[in-house]
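In the block that follows, a single chain appears as structure tokens, in the form predicted on its own.
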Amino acid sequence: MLRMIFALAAGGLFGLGLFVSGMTDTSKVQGWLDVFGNWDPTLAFVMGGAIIPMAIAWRLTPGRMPFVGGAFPPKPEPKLGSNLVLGSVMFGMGWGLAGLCPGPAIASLSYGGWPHLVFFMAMILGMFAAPTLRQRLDSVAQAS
């Protein structure tokens, strides 16, 4: 139960941070991605505010146990592969087209209206469809 309370508090804090930082404002996000047009650099501070504490946390985590839960997840391998490149391209294209990524999409459900609900439903469908599509792509690649 304590773990669920901490997860709810962390999720709420994350959503509040996304809202306060403007990450749920699609025009602000698209302004960040419009590098060759009317570029808005303010979201760099949001990214720095996320990357710097996480880098410190990764440095302090080895040998420690979390307050709630079993163990910290292992540090991801810095491996650049086709899955990472393809996923990154798809994520960036979706983020640029819609101005939303999964966290802000969830955070904006309460006030974003039907466009945000449509994006959220498409995102959920994509999450369910991705493993099946991945298997088919792998089988086609192996057959050729």
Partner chain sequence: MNPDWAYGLMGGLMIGLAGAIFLLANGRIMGASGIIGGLVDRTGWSTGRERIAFLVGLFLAPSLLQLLIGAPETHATTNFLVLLAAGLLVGLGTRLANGCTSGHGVCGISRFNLRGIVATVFYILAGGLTVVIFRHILGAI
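A quick note: this is a predicted structure, and the numbers were derived from the prediction, not measured. Residue numbers count along the first chain shown, from 1.
Same protein, other form: the form predicted in complex with the partner chain, not shown, and the subject of what follows.
Interface membership of Pro78, defined by any non-hydrogen atom within 4.5 Å of the partner chain in the predicted bound form, is confirmed. For the chain shown alone, Ala143 is not a contact residue for the partner chain in the predicted bound form, no non-hydrogen atom being within 4.5 angstroms. Residues are counted as partner-facing when one of their heavy atoms sits within 4.5 Å of the partner chain in the predicted bound form; in 124-140 these are Ile124, Leu125, Gly126, Met127, Phe128, Ala129, Ala130, Pro131, Leu133, Arg134, Leu137, in sequence order.
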